[in-house]
Structure formats: C-alpha cells, structure tokens
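You are given structure tokens for the same protein chain in two forms, set apart as structure 1 and structure 2.
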Structure 1
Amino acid sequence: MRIVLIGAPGSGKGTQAKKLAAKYGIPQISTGDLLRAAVAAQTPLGLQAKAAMDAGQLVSDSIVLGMMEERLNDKDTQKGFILDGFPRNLPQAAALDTILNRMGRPLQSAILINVDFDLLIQRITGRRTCRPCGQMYNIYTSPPKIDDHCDLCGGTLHHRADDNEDTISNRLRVFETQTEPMVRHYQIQGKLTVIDGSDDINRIFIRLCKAIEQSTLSNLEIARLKKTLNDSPPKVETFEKTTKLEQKAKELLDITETNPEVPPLQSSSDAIKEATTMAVKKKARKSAAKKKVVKKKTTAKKKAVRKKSAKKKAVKKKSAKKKAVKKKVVKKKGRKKKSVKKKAVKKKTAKKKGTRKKKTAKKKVAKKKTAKKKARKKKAKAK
C-alpha cells in the first residue's frame, strides 16, 4: 500500500495520515520529520540541510529526495508507506516516480483532501499545539477541555506566529499554483482520488479507507486479468495495455458493487483479504523455491568438494605408488651395485692371495735350491 496524501495547510492530511498508519500498520513519512531526524543524527544530507536552513534558504529538492530515497529503503516501508505532504510540486512528483520505479514499488494512489479556503483559514488560525507532547487542537473545531492546556499531559498550548490570516492566504495561493500541475500529473496516471475534507474527521477517515480499499481492489483485479491473459491469451488482441486492464478492473469493481451475487468480489475487504492471502502464498512459494535453490547449490558444492578431495586422494595415492616403485628400483639397483662391488673385492682379494701363495712357494723353492747348493758345496769340500 503506497499512498501520497495531498492537501493544503490545515486540510487535516497529517491527522488522517496518522490514523491510516495506525490502521494499516505502515509508516507515515513527512519531509519535516525527515529533516529533523537527519539534522539530529548529523547525517551528510542532514548537515547539508542544516547549512541551508541556517543560511535562511529553502532546502533543495535534491537533498529532500535523497533523504526520501534513504527512508523508503528502510525495512518498515516494505509493506507500504503514506507520504504526508510530499511531493509538493510536479518536479518532485516526477522524481519520486523515478525513485519508486527504480525500486520496483510504484505509487498506487494519490489522494487529494479538498477543503474550501475560507474553512482552511479558520482551521489554521484556530490551531494550537502542545509543546511537551505535540498533541494538536483547534479552538473552533476540536478545542481542549481546559483553555490553553493539553488534555493528555496538561502542557501549555502554543499558537504559531505565522498562523495568521495574511500569511496563511499567501501560503494557500502558493500551494494552489504548485499543486495544480502535480494533481493533473496523478490524474493522467489514473491514480488520483479527490475526497471532501470539510466534514468530520472520522467520516473523512472512512472515505479515505474506502478509497484506498477500492484502489487496492482495482490493482488486485488488474493482477488477476494479467494472469488470465498470460495463462490463456485471447485470439483477438484485447487488454494489451495496462490502461485497458485498469478500465476492465474498474468495470468489474462497478459490477461487484451493484451486484452482490457476483463472486469473489462481494466487498473490498474480501478482496483485500484475498490479496493478502495471495501475497502470503506467493512469499511462501518464493521462500520454498529459494530454499530448494540453496539446497541444490549446497549439495552441488559438497559434491564438487568431495570430487576434488577424491581426485586429490587418487593423485596422492598414485604419487605414493610411483615413489614406492622408484624406491624399490633404487633399492634393487643399490643391492646389485653392492653385490657387484663385493664380488669385485672378493676377486681382487683372491687374486692377491694367489699371488702371495705363488710368491711364498717360489721363495720356498729358491730356499730349497740354495740349501741344496750349500749341501753340495759342503760335501765337495769334505772330499
């Protein structure tokens, strides 16, 4: 539910925005609150805005739009939001459309709370605000029980200096000139709803809720028509454009309002309930699909890791086998070399022993010969 509330100062759009936010559970966003929060938090945009305000200048559209984009990215705006008093002119409206379309969350409805200028002047001049708690009163339409004191906290009520007739008349003229092109812009888009804001607050609120529910119902019907067209495209080219779909949805809405027997659009509340259930189911399907995708990815990753580890193990085993084979070959070669060396050493030692024996035998033979010669010589001398 993405809504813009448009209204002149004193039209009651702020009060209605708070009531709508409480009913539908979506945040109310106003430029004043954004500026105060950004300045208090001393964000970069807040510091720029403070510098402009301190210099007595208006805060530029670029700063305001930057703050708005940051706020619309917060989690609490995912279900929807109510823009209170923004945009104020056609350039801001066009820039807001660009931001929301980029986010994929275009504006659904722009509601203009229309109030006569004389009544607006009476409302604003009679406006009183409690300084401690911020509660608002009007001495003409909703006065406090005790004059100049808040009913909630008992604080003193404050009357703004610029809430005088001349200032208000000027502000209303500026509002009219700036807002008229913007209102036409939303009217061309088929998003504008005009509500009489001169009635009682509660009755205005009922009208607002009905307008919002009808716009939600129209969006639901457009979605249904798109789905049926996608499932079974007609032979004749009908409802090809979004504008035609919107027209058909409005026709169906009129039929359901005049003929209560037509299911399933007996009331806007039923349609909203159906829309919420459809959204919940869609989210559930998306989350289930995401979980399946995540599971597939995780299993695929695990398998890939297992394959890699198995490959590494196989490579390690192969390398280990190769190393073992190499070691065996090296050991065999070493053994062979050792045996060859031993044999060569044995041969050498055997040769040495043989030569030694031969030498010793020769020596013995020589000794014997010399001994025999000596014996012969002795015999000869004896004779």
Structure 2
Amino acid sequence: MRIVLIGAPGSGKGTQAKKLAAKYGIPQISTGDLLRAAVAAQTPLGLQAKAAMDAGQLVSDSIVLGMMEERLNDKDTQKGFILDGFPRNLPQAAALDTILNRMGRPLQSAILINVDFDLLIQRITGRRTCRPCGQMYNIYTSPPKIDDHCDLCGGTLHHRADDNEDTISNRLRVFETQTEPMVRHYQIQGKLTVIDGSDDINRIFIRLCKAIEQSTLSNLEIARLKKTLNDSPPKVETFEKTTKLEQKAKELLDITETNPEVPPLQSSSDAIKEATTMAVKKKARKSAAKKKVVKKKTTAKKKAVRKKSAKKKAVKKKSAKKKAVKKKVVKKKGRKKKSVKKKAVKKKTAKKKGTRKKKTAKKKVAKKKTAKKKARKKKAKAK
C-alpha cells in the first residue's frame, strides 16, 4: 500500500496517517515530523529548515527530497508507506514519481482530506501534542482529561511553535498556491480520491479506509484482469466467465477514471482573507479580554485602596470620638472634683464662721454676764 495523504494544515492528515499506519502495519512518514526532529537535534539540515518553518513557508525542495529519498530506502517501507505532508508542490510530486518508479514501486493512491477553512483555524489553534508519546488533542474538540497532560502517558502537552495565528495564514496561503496544482497532477493520473474531513475522527477514518481499499485493491485487480484478458483471449467455453471479468474490469476502470470531481479547494483568496481576518479578530478579542482583566484588576485595586482609606478614616473618627468622650468625662470629673473641693472649702469656711460666731456670741454672753455681775455688785455696794 503506497499512499500519499494531502490536506491543509489542520485537516487531520497527521492523526489519520497514524491510525492508518497502525491498521495496515506500514510506516507513516511525515516530513513535518522529520524536519521538527532535525530542528530539535540542531542538525545542519534542521538549522537550515528552521527559519522557513518558523515563517510558515515551505522548506527548500532539495532538503526535503534528499531526506525523503533516504527514508524511502529504509527496509520498513518495503510493504508500503503513508506519506503525510509530502509532496507539498508539483516539483516534489514529480520527483516522488521518479524515485518510486525507479524503485519499481509506483504510488497507488493520493487522498485529499478536504476541510472547511473556519474549522481548519479552530483545529490548528487548539492543537496540542504529547511530546513523549505523540498522542494528539484539541483543546476545543477533544481536550485531555487533565489540562496540558496526556491521558495516555501523563506527558506534558506541547503547542507547536508554528501553530500560532501569525503563521497560520501563511501556511494556508502556501497550501493554496503550491499544493493545489499538485492535487491536479494526481487527478490527471487518476490516482486522486477526495474525502470530507470535517466529520468526527473515527467516521473520517472509516471513509478513508474505504477509499484506500477501493483505490489500491482495484488498481491491483485491474492489472490482474488486464493481464488475464491479454494472455488468454476468450474461448467459447470460458466466454461467459471472461465477459464477466471484462465487465468487472470495465466497472473498476470506470470508477478510477470518472473518480473524483475535485471540489474547488476552499482555499480561495477570500477564504484566506477571511482566515486572516478571523485570526486578527481573535487576537483583538484576546487583547481586549486582557485589557478587561487588567482594568478589572486596577478597579478592584482602587476599590480596595478606597475601602482601606475609608476604614482608616472611620477608625480615626472613632478614636477621635472616643478621645472626645474621654476628655468630656475627664472634664466632668474635674469639674465635679472642683465643685466638691469648693463645697468642702465652703463648708470649712462656714464651719469656721460658725465657730467664730459662736465664740463672739459666747464672748458677748460672758461680757454681758460680767457686766450684769458688775452692775449687781455696784448695786449691792450702793445699798
């Protein structure tokens, strides 16, 4: 089984390629993965590829073709392979034809996974990959159970550096301009099948398997039937059987020849513009949300400061009131003390006055008494 999977970034070709590889026991060869590994390992090839990848542009054909030819010579590709993300343009497709024909193993089928642009954007921005085990997630449509951690191995999920809004529109534009002519190339060769990739992963997979089996097996069967017809022209006794085979061969040929009416790839300039506007809008929404949060935080801070100062003021007022009350009480006490003192002094003076009065009265009485005594004595003398 020798298959090429074609699709815009975010079409799910990587996910489907992994599932196909597991089902048919053949390797998935992704140029994106190979290039990312080279960048991570900082090999000379990786260093050369990095700038183009970061900008969302295609890496030069010479790098990619050299890498692919080497990989296709590996033993594990003998039974077949699924190419994911390669070829990406017409020269790469032509070079692949040459390499495979030279090996005597021509390509059997090219499958285009067609996805709406809005959905592509959502898939790309939400895409997360587990670095240790390669499991893929989408935070919008198939999030992990625990944020940022793989359900299978617990590894940390990774957001690809080129899956950001700035690079996405570039990558989609590249797909439109470079990959679309390549799709026509496979259509002309009669090897193209187009499937709808906007469905659920498992339903897309079933559709994909059907398309692959139909295209690869029918090609084999057609070859076998053609050979049978050429080698042994129909004899009378085998006429019926052969006619049936011939009919079957015709049917199969009809399928492959009339096969796909390629729907206009939705990667029109309008769609690109729309995607870019969406990305810009999203960015604006994000920054507005950020601003809102900052505003909220500052108002909350201001409120807290106001509350604090109001509290301080209230406390000050309270303590001032308390002080005033204390002062009043002290004053009252002072006044009370003073009046008590005054009263005591008054009492004392009154007492003093009383004793003095009493004394003078007593003196007066004594004086009167002595005067009376004197008078009585005088009277007695006179007598």
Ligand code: AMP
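Since we're looking at a predicted model, the values are computed, not measured. The first residue in the sequence of structure 1 is number 1, and each one after it adds one. Heads up, when I say rigid core I mean the largest set of C-alphas that superpose within 1.5 Å between the two forms.
**Prompt:** Given structures 1 and 2, which represents the form predicted in complex with the ligand?
**Reply:** That would be structure 2.
**Message:** Relative to the superposed rigid core, does residue 298 relocate between the two structures - that is, does its Cα move 2 Å or more?
**Reply:** Comparing forms between the two structures, the residue 298 CA shifts at least 2 Å.
**Message:** For residue 206, does the CA position differ by 2 Å or more between the two structures when the superposition is done on the rigid core?
**Reply:** No, residue 206 moves less than 2 Å.
**Message:** At a 2 Å cut-off on C-alpha positions, does residue 148 qualify as shifted between the two structures after fitting the rigid core?
**Reply:** After core superposition, the displacement of the residue 148 C-alpha between the two structures reaches the 2 Å mark, so yes.
**Request:** State the core-superposed CA shift for residue 132 between the two structures, in Å to one decimal.
**Result:** Displacement of the alpha carbon, after core fit: 4.2 Å.
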